[in-house]
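In structure tokens, one chain follows: the form predicted alone.
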Amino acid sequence: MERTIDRGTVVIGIDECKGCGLCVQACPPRVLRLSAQLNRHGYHPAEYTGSGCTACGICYYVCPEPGGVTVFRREAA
């Protein structure tokens, strides 16, 4: 079994996200999903599954909402 090393993490602006799913579809390692919970606007926001992020930033670039997605890259060890 191959172990994936996290190169980053994704933070979703829960109240900015409109649940369009563009980031979920665009994520190469498939580490984003739409939440079962609703945000204060009544949308199912995207959420990070907690591991496997490659820090590619594609989710950030496809998100139409300013502040919807932030990607943090980890420094190389």
Partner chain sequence: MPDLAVVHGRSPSFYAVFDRKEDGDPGQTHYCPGCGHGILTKLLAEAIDALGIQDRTVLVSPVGCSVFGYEYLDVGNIQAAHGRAPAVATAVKRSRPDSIVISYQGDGDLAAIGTAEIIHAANRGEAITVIFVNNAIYGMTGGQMAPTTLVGERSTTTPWGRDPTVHGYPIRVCELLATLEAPVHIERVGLGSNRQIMAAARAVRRAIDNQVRGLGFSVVEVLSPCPTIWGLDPVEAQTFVRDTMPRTFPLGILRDRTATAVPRPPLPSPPDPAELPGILGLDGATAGTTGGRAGGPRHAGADHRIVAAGFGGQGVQVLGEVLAEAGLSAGYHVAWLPSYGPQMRSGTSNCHVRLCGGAVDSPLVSRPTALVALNQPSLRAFLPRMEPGTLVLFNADAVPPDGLPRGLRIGAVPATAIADRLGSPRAANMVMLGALLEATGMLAPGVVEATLQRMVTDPAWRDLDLAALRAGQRAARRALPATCLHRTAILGAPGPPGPGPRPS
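All figures in this text were calculated on a predicted structure; none of them were measured in a lab. Residue numbers count along the first chain shown, from 1.
The protein also exists as the form predicted together with its partner chain; that form is not presented, and the subsequent description refers to it.
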{"property": "Contact label in the model of the complex: Tyr43 to its partner chain, heavy atom within 4.5 Å", "result": "yes"}
{"property": "Its partner chain contact at Ile12 in the model of the complex, heavy atom, 4.5 Å", "result": "no"}
{"property": "Stretch 14 to 51 - residues with a heavy atom within 4.5 Å of its partner chain in the model of the complex", "result": "Asp15, Glu16, Cys17, Lys18, Cys20, Gly21, Leu22, Gln25, Ala26, Arg40, His41, Tyr43"}
